[in-house]
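Form predicted on its own, single chain, as structure tokens, below.
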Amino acid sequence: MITRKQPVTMMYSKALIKPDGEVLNYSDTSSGNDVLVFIHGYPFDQSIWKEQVIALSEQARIIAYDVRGYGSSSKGKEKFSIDLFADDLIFLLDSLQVNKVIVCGLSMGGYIALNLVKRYAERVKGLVLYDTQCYADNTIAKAKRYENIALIRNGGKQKYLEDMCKILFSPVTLQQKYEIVKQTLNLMLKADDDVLMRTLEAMAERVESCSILAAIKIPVMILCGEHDMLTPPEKSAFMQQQIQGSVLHIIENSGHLGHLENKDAFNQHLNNFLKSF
């Protein structure tokens, strides 16, 4: 008798205590042949993937986690860097005895995913680069991040996040789906001031990943919102041109968060990608 895996109806977080006493918070559907890891963007936490965990739980074992300092993961005392964030994920996978994974990284999560491919290539069997880019910050972008650090330090966190939220979404979402915008801003406001500043510095000082793209030989899917202002479609098109055999899908009526704005299209693309393994 063949039994079907029971679909997940909600996410249950678990706490992993690291040797230094820091906490890494994650959720794990715990069954499935392939393992899909969701890496959230800045400044969210793993809850931003809840609809995808539910929708895709029959296709793979799904692990989502809170990047250091976000959600219920502690921030620690080490200087934040993309390398450190990637090392945290490797520690989680080692602790769960998971060898190879398919990784889906959103924005900053894409920086982490590309860092994994660069430094731990043997651990990644498939890659989804979602509303992200391979470039390092140029002089202007880097200066803007440090301006925002100063703004947060001087009590401007709410203004900074409200302004950021206005450019995260497509015009359709801003006009017709205000509840999504409101929920997202509320999630962003939960982030700790110090964590926001330390993450901005980590992103400002990150190195480029464009030079490794041509060497990537695993299956790669690139997703980008039609109206993404933060990482516009031409940056995704560049990565698709550099990664042999990769595919690019543009998600209509969405900005930087297509998995919320047009979740059916996003989920279908991810579902099809998982079925290819």
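Numbers for residues come from their place in the sequence shown, where the first is 1. These numbers come from a predicted model, not from an experiment.
One more form of this protein should be noted, the form predicted in complex with a small molecule, which is absent from this view; the next part is about it.
Which among 239-247, 217-225, 65-73, 35-43 is in contact with the small molecule in the predicted complex, heavy atoms within 4.5 angstroms?
The contacting stretch here is 35-43.
Just one of Leu96, Met164, Val195, Leu174 has a heavy atom within 4.5 Å of the small molecule in the predicted complex. Which one?
Contact residue from the list: Met164.
Exactly one residue in Lys125, Lys118, Lys157, Arg145 has a non-hydrogen atom within 4.5 Å of the small molecule in the predicted complex; which is it?
Flagged contact: Arg145.
Would Met203 count as touching the small molecule in the predicted complex under a 4.5 Å heavy atom rule?
Yes, Met203 sits close enough to the small molecule in the predicted complex that at least one of its heavy atoms falls within 4.5 Å.
Just to confirm, Ser170 within 4.5 Å of the small molecule in the predicted complex by heavy atoms?
Flag for Ser170 set to no.
Is His256 close enough to the small molecule in the predicted complex to count, meaning some heavy atom within 4.5 Å?
Yes, His256 sits close enough to the small molecule in the predicted complex that at least one of its heavy atoms falls within 4.5 Å.
In the predicted complex, is there a heavy atom of the small molecule that lies within 4.5 Å of any heavy atom of Cys210, even though the partner is absent here?
Output for Cys210 is no: heavy atoms all beyond 4.5 Å of the small molecule.
Each of Met108, Tyr111 and Leu230 near the small molecule in the predicted complex, meaning some heavy atom within 4.5 Å?
Checking in the predicted complex: Met108, Tyr111 and Leu230 are all within 4.5 Å of the small molecule.
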